[in-house]
Structure formats: structure tokens, C-alpha cells
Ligand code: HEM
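One chain is shown next in C-alpha cells, namely the form predicted alone.
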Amino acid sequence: MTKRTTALYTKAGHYWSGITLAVFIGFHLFNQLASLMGANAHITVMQAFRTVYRHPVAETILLAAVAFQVITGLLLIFTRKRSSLAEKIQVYSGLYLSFFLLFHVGAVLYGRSRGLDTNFYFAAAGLNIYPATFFFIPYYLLAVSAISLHVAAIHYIKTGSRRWSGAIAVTGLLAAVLIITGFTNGFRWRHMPAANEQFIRQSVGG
């Protein structure tokens, strides 16, 4: 297999795994925004979505897409030169997303192996319990922001539209702030179930 063929397969794999994850992430972010209406609203939406993405076939596809996205993304970063600002934003946001996907998916799978329901309170625990907040608030803010910046950079590279690319980036940044606001009850903090509090304190050594 030639380098050109390998590059084409890598790019195709990255594209299709990206499309798969984009669909899931869109629904996932909608679910996260439901936190603005409270924990019960968030859990109700999550339970409806879980009937699809927790199906063994769908979950296997999603996990495979995460692996493909991270691996092919890193390969593309180290095999292609990036010179413009949009290309650099695409690279750096992609690097953070690779870190986030590996860390986040790993944490969810680990939590499930410990018998925890990885619902609203699983994510909210790190955002509401001191001192974990100092890690998890920027962690989630950067993750949602990186998604929008990555998409905005790709859109600009493909279309040259500053207006729409800027709108995508700003929308993502706003969504990031709203999600953190919802999960922390407007930074008035939420009470966590004992099992979730214990899990997060053991995880951060608090």
C-alpha cells in the first residue's frame, strides 16, 4: 500500500468517524443543555436517548468511531503541514478533543464497571465538589469550546465564510457556559448523591 493510498484511507476514516461522532455529540449537547431545567429534566432526556446509543450495536459503533477519530486525527496532524490560523485552530482543538474523548470515555466505562449510573450526577459531581471543580469546570468548558472551534475551523477552510465560522464558534462558546451553568445550578452548586461524591473524591484524592 502506497503512502498516498494510506493517506486517503486515513482521511476517509477520520471523515466518517467524525460524522458518526458529530451526530452523537449533537444529541449529547442537547441533553447537556437540558440541565438548565434541572437534574430530572436532564435524566429524562438521557433515558430517551439511551434507548438508541446504549444498544450494543450502536455503542460498539460509537466506541469504534472514538478510536478511529483519535488515531486518524493524530496521524493526520503529524503527516500534514498546517500554516494558516484556521488550520492551527483545527489542529489544537483536535488535539484537545483527542485527550478529552480518551479521558471521558475511559471515565464513563470505569464508572459503569464500578456499578455507577453515569447519568447527570456522574458528570455533575466533578463540577460541584471542591476541589475537583478547579479541574472539571475548565475541562468541560474547553471540551465544548474545542468542538465548536474544530467545526468552525473546518467550515472556514472549506468555505472561506468568516461570518458562519464565527457564528459556529460563538454558539459553541455560549453552549459551553450554559452547560456549566446548568450543571452547577448557576454556580450555586448542587448536592450530590453519596456514591457520586465518594467516587469523585477517590478519583481526585480529596
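Numbering starts at 1 and runs along the sequence shown. Everything quoted here is computed from the prediction, not taken from an experiment.
Not pictured, yet referred to below: the form predicted together with the named molecule.
Exactly one listed residue, out of L62, V45, V70, A169, brings a non-hydrogen atom to within 4.5 Å of the named molecule in the predicted bound form: L62. Note on contacts: among L101, I89, L75, A132, the single residue with a heavy atom within 4.5 Å of the named molecule in the predicted bound form is L101.
Although the partner is absent here, A34 lies well away from the named molecule in the predicted bound form, with no heavy atom inside 4.5 Å.
Contact annotation for L85: none of its heavy atoms lies within 4.5 Å of the named molecule in the predicted bound form.
Taking the partner from the other structure, the named molecule in the predicted bound form has a heavy atom within 4.5 Å of a heavy atom of L97. In the predicted bound form, none of the heavy atoms of T79 sits within 4.5 Å of a heavy atom of the named molecule. The putative spot formed by V105, T118 and A143 is fully lined by the named molecule in the predicted bound form; each residue has a non-hydrogen atom within 4.5 angstroms of it. Although the named molecule is not shown here, in the predicted bound form the stretch 49-78 places heavy atoms of R50, Y53, R54, E59, L62, L63, V66 within 4.5 Å of it, in sequence order.
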